[in-house]
Structures are given as C-alpha cells and as structure tokens.
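Consider the single chain below, provided in structure tokens and representing the form predicted on its own.
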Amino acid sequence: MKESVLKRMKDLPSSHLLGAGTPMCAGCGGLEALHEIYDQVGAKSVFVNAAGCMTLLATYPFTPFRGSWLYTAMASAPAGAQGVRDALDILIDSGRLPPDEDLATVVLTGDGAAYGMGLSATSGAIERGLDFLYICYDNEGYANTGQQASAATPHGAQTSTTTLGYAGYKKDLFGIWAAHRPTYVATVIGAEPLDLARKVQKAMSLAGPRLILALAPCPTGWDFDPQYTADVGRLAVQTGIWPLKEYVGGEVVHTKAPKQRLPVEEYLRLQGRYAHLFEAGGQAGLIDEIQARVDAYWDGVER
C-alpha cells in the first residue's frame, strides 16, 4: 500500500505535489503564488520553511516538493538556510557533491516571520551576503493561529486582536530589504502570473540575497469568499495598494503601474475585515486616509 502511494506521488506533475499534505484553506492566495513560484524554482532546491501556514503542506513522510524540505522555528529560517548553504558549499568544495547536483537554497515564510520574528536573522543573513532566495507569502497577519495582527497588517484592518481596526501601519519590508543593498528584491502577486514568473526567473539567475515578496489574499483571515481570491489580488494592483516593483542594481523600478487607479474602496469593500469602515456612523474617514496614502505614494513615483 505504501509503495503504491509513493509511486502515485512520484508520477504526479510537480504542481500537483503542492497540497499533498494537510489540505489548505480554499482560495489561499499564498498557495496560489507558491504554485507559480515553484514552477520557476524547480526540484533542484531545498526549502527552509519557517513555522506558518505553509508548514501544513508537509505531512510525514511527504513534503510538498520534489526537492528537499527543512522545517524550522518561526524566527530561524535564515539561520537554517545559512547552515544548508554552507554545507552544500563544503560538499562541493571537497568533491563529495558534483557542482551539477547543487541545490538552490530557498527560505519560505509568512509575514509573521519575515516582518517580525525572523527579521533580525534575515538582516544578518543579508549582511553576510548569503546566497539564498527568500520567499514571503504576506497574508497580513498571523493567519495560521487565528489572524492576529502582525507588522504587515494594514492600517484600519480588523484582526482577532484588533477588533476596532489596526491602529498601526504596515511595515515596508521591501524598503527594509533594499536598505541592506541585497542582490534583488521584488513584489509579486499570484493574480499577475506573468509578472511573477519573470521576477522569479530573474531572481534565480542571480546570486546573493534575494527576496520575492508575495501579497497573499487570505479568504479566512480577510473574510471574503474564496472564489474572489484572484479578484482581490487584481484589485490590490489596480487600486495601487500593492505596487508591483523590483529593486536591482541600486534602483527601484515599477513593473506594472496602473494607468488609471481604481478607488481603494473597490478593494476594501470585498473584504469583511474592512466592513466596519462602511457601516453607518463607523470609521468612513479611514477610507479617505487610506486613499490619500496610496495617492501620495504614486504621486512620488510619477514625479
């Protein structure tokens, strides 16, 4: 029985292996992006996964990829990646591993690790020039444990710990990485697969610290029907809330700037986490504030 299961798993296309473990939430935007990213990364890779939603993909003895998978604590993935990369380099330098069998070292985390708990370890890895690809699926909260607020939660959004709306502001992880002068940084979203594929291909062609930051619409945490995951993703781009851009060679380039931005209200209204902004006598003024911040960002870009 076990052999037949393993054989069926081996015969599946790579894209079907994602989700081979515990079922993920329907409409998961993080899994949507990860499917597309893995198509470019391929099997010659070792994924160092920090505790989070994607940890549910692995159920012993199976892992979600044809390559290797290492699970770490939430704050420790970059440190784990350092050990993996060093070990591979030692094996290659000593002749114990042929260079053509080298594996790409990939970190996979949610925003809780990327923006918060693991940021110190990430900063150290970038400063050391670690040759790794860091993938963050950003669902703007600690989604795996009940959608508590994280450093990636946007202003005004309800979470299980900010029932009146988050009073803080989303941390600029793209800017934090760029300030380290890494090799490459890019924002992506699964709803824009061509832009995503091009950026992952570029990242894989480079060496050094590289970040792929994917906005991950979360039906469970953001409170919308799973059938609208791609719509929410496209609206994040069309309203200008999620700029698609890349940092390379010391410069930031926007890869898909909306010619005519839609009002942010169209994006917010689809999500239950913003429902309080539309209630009579609620916090409607926050919609104007969110719009003003988006407009100010793009005014700076267009100048």
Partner chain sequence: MSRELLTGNGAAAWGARLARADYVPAFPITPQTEIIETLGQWIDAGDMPGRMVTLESEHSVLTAAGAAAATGVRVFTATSSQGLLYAMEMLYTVAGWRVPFVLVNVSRGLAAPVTLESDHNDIMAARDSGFLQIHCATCQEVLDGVLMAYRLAEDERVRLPAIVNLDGFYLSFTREPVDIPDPAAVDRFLPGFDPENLAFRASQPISQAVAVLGGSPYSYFRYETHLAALNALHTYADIAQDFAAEFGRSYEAVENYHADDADIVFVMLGSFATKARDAVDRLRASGERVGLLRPRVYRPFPADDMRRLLAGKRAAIVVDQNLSVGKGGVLHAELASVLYGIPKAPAALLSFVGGLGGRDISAEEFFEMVTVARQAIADGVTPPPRLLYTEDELRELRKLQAVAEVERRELGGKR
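Residue numbers count along the first chain shown, from 1. Quick caveat, the model's predicted, so the values are computed rather than measured.
The form predicted together with its partner chain exists for this protein as well; it is not shown, and the discussion that follows is about that form.
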- Item | Location of its partner chain contact in the predicted bound form, chosen stretch of 152-160, 223-231, 168-176, 119-127 [non-hydrogen atom, 4.5 Å] | 119-127
- Message: Under a 4.5 Å heavy atom criterion, is residue 131 part of the interface with its partner chain in the predicted bound form?
- Response: no
- residue 206 within 4.5 Å of its partner chain in the predicted bound form, heavy atoms: no
- For residue 261, is any heavy atom within 4.5 Å of its partner chain in the predicted bound form, or not? no
- Item | Contact label in the predicted bound form: residue 144 to its partner chain, heavy atom within 4.5 Å | no
- Message: Is it true that 73, 88 and 93, all three, sit within 4.5 Å of its partner chain in the predicted bound form, judged by heavy atoms?
- Response: yes
- Query: So which of 235, 244, 46, 41 reaches within 4.5 angstroms of its partner chain in the predicted bound form, heavy atom to heavy atom?
  - Reply: 46
- Which listed residue (270, 257, 58, 252) meets the criterion of a heavy atom within 4.5 Å of its partner chain in the predicted bound form? 58
